[in-house]
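The form predicted on its own is given below as one chain in C-alpha cells.
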C-alpha cells in the first residue's frame, strides 16, 4: 500500500507544483487518499497509479473529444457499490479540500462528470455499479439507482408489464442519474411530459455526507433535483418514479423525405401541426443534408393512425406500408438503434469511441417561414455540416407551469432543436465546430429570445462558464448560462443550493451557485 501511494504522489507532483496556489496541497491530497483507503475496499479505489485507472476512467466516456492527453484527470475514481462508499468520498473530500465529481452514464455533453477544465485536484465517484432497478407493477412505480441506464430501466419495466412505461429518453446508454437531473424527454413527451415530472422521491448524499430522502431534504431541494442539473446539490443515489400507462401495441414509423420530394413544405407544415396533434401522436424530425426523416410513435393502431394523418398531415403521404405495430419496449431499439436490433440490445452499455461530437440546442416559439427552411437546407449541405434533431412539444408538456420543476420549457414552445456535428480522429474538428457555431448564429432570429433558451441535458460550455470568487461560484457570472437553461427558475435553484450546499462544495464549470 505504501509503495502504491508513493507512486500516486509522484505522478501528481508535477501537476500540483505548477498549480499550488489554486489546488489543495500535496499533503491534503495524500491525506484524502489515506482517508478513502481506510473507508473503502481497495478494489473500489482506483488511483492514478492503479493498473485499472485508465480502463475505469474511459469505461463510460461517450465522446473522445473530451478525453485527450491534456484532459485534467481525477486524482482517483471511487466505483461505489453502496451508499457508505459515496458518503466516505464526500466526508474525506470535505476534510481534505478535494472536490468530488459524479458520473452515472457518462453522457454529459461536456464531460464535466469526469474531467475539469480548470487545473484542480478532484476525485470522481462513479455510480455505474449502483444500478439496481426494482419495479412495482401493482403500484406502477420503480425505484432505480442513478447508475442504471435508461435501457436497463425500460427492460426491467417490460419484464413486469406490457402496459407500463417510463417517459424518458431515446438513448439506452444514458445514466438515469444525470438524465433525471436535467429533465429527460423522449417520444412520450407530449403524452406525459418530462421524466423529472414523474419523480416521487430521491435519496441524496449532501455536502456533509448525510443521507436524505424527500422529507429530510425539504421541498426546495427536492424541487431542485428534478431538472436542476446534476452535481450541484449533492449526489443522488436513487430515485423513486411513477410509471405511466401505455397500450399493449403501438404504431411506429420512419419516413424519409428529400428536398426533391417536398421536405421544405413538409417541415413548414410540421412545425405548426406537430405540437397541436392529439397527445397520443409524437412526430420528431431528424434533418441531415437534403433529407428530413420523420420518426413517430403513436399510442394506437395503424388503422386509427392513417385517417388521422390523412386529415392532419397529408403532405407526408403516410401509407400502411410505413406502419410498424409493436410493443413499447420494441420501439426503443427501433428508433434509436436500427430495425434489426433486439430488445436485449438496449442493455449494451458500450459506446464507440471512434466519433467525436459537439452539440448545442434551441427552443422555437414561432413557426419558421418557408424561405428560411430553404436557407437551412443550404446550410446542411455545406462541407463539414452537421444535423438537426427536432422534438415537438404541446400536449402534456405544456400543462404544467414553468415553475413546476426547474425544467421551464413548456407552454408556448413549438419544438426543441438539437444541433450536432461529428468528426473522426483523423481531423481536428475545427471545421465542424465552426459550422456549428456559425449555424447557431444564423438561427438566432428564428428561435427564442431574452433569454435564448437551451436544454441543460444538451450542455454547452459555449453558453457560459462559472467564475469562482472568494472560493464560491459567482451568481452573476452563472446567470449568463443559467437563465438560458432555467429561465425564471434559476434564482430559486441558487437559493436551494444555498440551503443544501452553502459553501459550494459540489461545483463544476456549469453548476448552480449558492445564493443566501
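A quick note: this is a predicted structure, and the numbers were derived from the prediction, not measured. Numbering follows the first chain given and starts at 1.
FYI, the form predicted together with a small molecule isn't displayed, but the following is about it.
Next on the checklist: Exactly one residue in 227, 193, 105, 151 has a non-hydrogen atom within 4.5 Å of the small molecule in the predicted complex; which is it?
Outcome noted: So the residue touching the small molecule in the predicted complex, by this definition, is 105.
Next on the checklist: By the heavy atom within 4.5 Å rule, which residue out of 298, 185, 270, 328 makes contact with the small molecule in the predicted complex?
Outcome noted: Of the candidates 298, 185, 270, 328, 185 is the one lying within 4.5 Å of the small molecule in the predicted complex.
Checklist entry - With the cut-off set at 4.5 Å between non-hydrogen atoms, does residue 89 touch the small molecule in the predicted complex? => result Contact with the small molecule, no.
Checklist entry - So in the predicted complex, does any heavy atom of residue 157 sit within 4.5 Å of the small molecule? => result Output for residue 157 is no: heavy atoms all beyond 4.5 Å of the small molecule.
Next on the checklist: Does any part of residue 277 reach within 4.5 Å of the small molecule in the predicted complex? Heavy atoms only, please.
Outcome noted: Flag for residue 277 set to no.
Checklist entry - Is residue 305 one of the residues lying within 4.5 Å of the small molecule in the predicted complex, judged by heavy atom distances? => result The answer is no: residue 305 has no heavy atom within 4.5 Å of the small molecule.
Checklist entry - Among 368-376, 213-221, 252-260, 165-173, which stretch sits within 4.5 Å of the small molecule in the predicted complex, heavy atoms only? => result Careful reading of the contacts points to 165-173.
Next on the checklist: Residues 62, 109 and 231 are flagged as a possible site; in the predicted complex, is every one of them within 4.5 Å of the small molecule by some non-hydrogen atom?
Outcome noted: Result yes, every residue of the spot touches the small molecule.
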